[in-house]
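So here's one chain in two forms, each on its own in structure tokens, numbered structure 1 and structure 2.
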Structure 1
């Protein structure tokens, strides 16, 4: 039923838009402020605010060409792109290249986001040092109190309370859960779960949405949560909450600091520079290059599966401080569009977003893509058949 309604609405909308487009009434539409072409997008609620900022700016430069984004969720974004219901599907997690080619879709990253590890520790106001191994053990119940020796060892000089840790997780399906469970999966051999947009967490209560995580954590003393960096200002405004520095990958699987060469584990703050660095590191680590990639801990190819036991060093990077809980935000578009005339504008919009989006990214608390990622994107977009 819902599908029928969506089909009906999209059909009417697309028919109307195409009819006007082919009817050659673009001048009247543009002068009236109407849309001669509407690019439809649905998917990730994280990408939605960014596209909302981009949309009017793009239309201002391209009169008559409108972008209508919708915030429905990454799963819906992927499914709608696969079935051709929308021009652009937005998702926090890449679509596996094998699945993408099956549906004639390509992954086009349009922004970088990161995740904060946030805690509510009464009396502690500094940024704690945590790493993937400690986090995985907390979320599996292997570490239950804040003064656990592993946490204490990472935070010399800090007086940690003996209270029980309350690990919060997302109750709804979420790209943030995908990132965080990937981090756990890649960091500790005792992690009994896989990674995904939703998993059955062994302990701890759930909260809905990033905003739900912030409000719930705020009223949960000794709680810990993973929250998208878009909520940084809300977290900073809340006196109960503080976020952690994350251990880099100068440690082997299971958090043991590598002996010889790599030196001791550094704890990295989620600054814009450190986050961008992670994206570059990830691309450099990947052969052959692909943007279908998890950026967790500097990148693991997403072509088949996350590689367990990944323990790359940052030797290839000029800047030795990548923040490991980072993610690309993706759009999915078709390489076999129904109308190449319409697809011309879809590609045009994405190219415009890649070129000029950097100035708008910070308004949505995203980071602009690095030049390397933009390069891959442009190559991919060039391969989409559009009418001249």
Structure 2
């Protein structure tokens, strides 16, 4: 607990409370294994494995208080939070502050995640080099075969097949789609679909949820898909699947963009260090009062007012190898709860997740939040009305 306190105070300063129920546990008189209070959550399939890890550990420290997560996609997580059907909506795509205010919600990020570019390419077992330009062109139908010159230029010495690429996408409203379409939007001027949780994809089959993407891709030779990193274990266990190194948007550290979008870039693996570097870049200019931020769209005018010129894909001399498809994982909760007594436990769970949950993040291939973001989260949670 002392370590957590030090991190928080260093990150945001000493001028804020550490949370209404910081470090607290309940004494509810519940029988062993029984739930006197259940906190309902639905949404992002990317965040779902992490919540599955957090839930029993939280209940072990707070007997009788249970968290019940469901993997339904970020679109459902957002709509369910907006309509008040659940206590927590899970999403990889933040709500704009104006939208959150309209529905009396707040964005509470709880972890740093990333997305993998996964492919089923018979005969190819190594990590290919791909980048945002290539991916945008594949998903818009401008690149159709694996041996396209742009892909070949990014992978010298690899014999690529001439087979047609089968691009898979999420059929449900998805924060992973928000992340991936944001990357495509930033990477290629020919991208015509903007970005969001739902895209009208011009080609390729759809699959529901990250688990559906893994299963469908496994049975789709020459397919490619975007899949949350919390499903890395399933990907690694499947002999048909491999994931790519992702090209940095810059060829070097002075901001000169690589010509042609291929062949002159740093290609970066989604390691914890490289994901952390990307988050450090994107969160460099984070300002209160909100933490509604896209680590990918940080440099896009109008996308967020919290990051000034720092898209998460720009390498610097201090952070030379950022993995550019990273994200914050969000929970959405109400500032006008139906029951302040029940909302006490919703806030308690999130404060516990922020304070202690980071110790479990690696089990879902996530990273803990930075101390600054935790501090802003705590400030936001302190404003939620709950009973004593």
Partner chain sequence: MVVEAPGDQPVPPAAGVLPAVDDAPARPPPSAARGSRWAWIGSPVALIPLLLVVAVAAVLVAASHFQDFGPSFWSTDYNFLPADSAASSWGIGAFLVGTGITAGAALVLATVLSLALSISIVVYLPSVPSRVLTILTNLLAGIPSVVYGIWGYVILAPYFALSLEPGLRDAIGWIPGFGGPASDIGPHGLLLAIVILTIMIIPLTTALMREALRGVPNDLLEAGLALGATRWEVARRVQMRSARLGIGSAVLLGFGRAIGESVAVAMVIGAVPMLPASLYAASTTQASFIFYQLDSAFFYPVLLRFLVEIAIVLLAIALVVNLFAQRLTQTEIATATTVGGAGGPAGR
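Positions refer to the first chain, counted from 1. Here, rigid core means the biggest group of C-alpha atoms that superpose within 1.5 Å across both forms. Note that the structure is predicted; figures quoted are calculated from it, not measured.
K.L.:
Quick check: structure 1 or structure 2 for the form predicted together with its partner chain?
P.N.:
Form predicted together with its partner chain: structure 1.
K.L.:
With the chain divided into two rigid parts according to how it moves between the two structures, are residue 331 and residue 246 grouped in the same part or not?
P.N.:
Both residues do not go with the same rigid part; they split.
K.L.:
Calculate, from C-alpha superpositions, the turn of the smaller rigid part against the larger part between the two structures, rounded to whole degrees.
P.N.:
Rigid-body rotation of the smaller part between the two structures: 18 degrees.
K.L.:
After superposition on the rigid core, what is the displacement of the C-alpha atom of residue 106 between the two structures, in Å?
P.N.:
The shift comes out to 4.3 Å.
K.L.:
Fitting the two forms on their rigid core, what distance in Å separates the Cα positions of residue 51 between the two structures?
P.N.:
Once the two forms are fitted on their core, the shift reads 3.8 Å.
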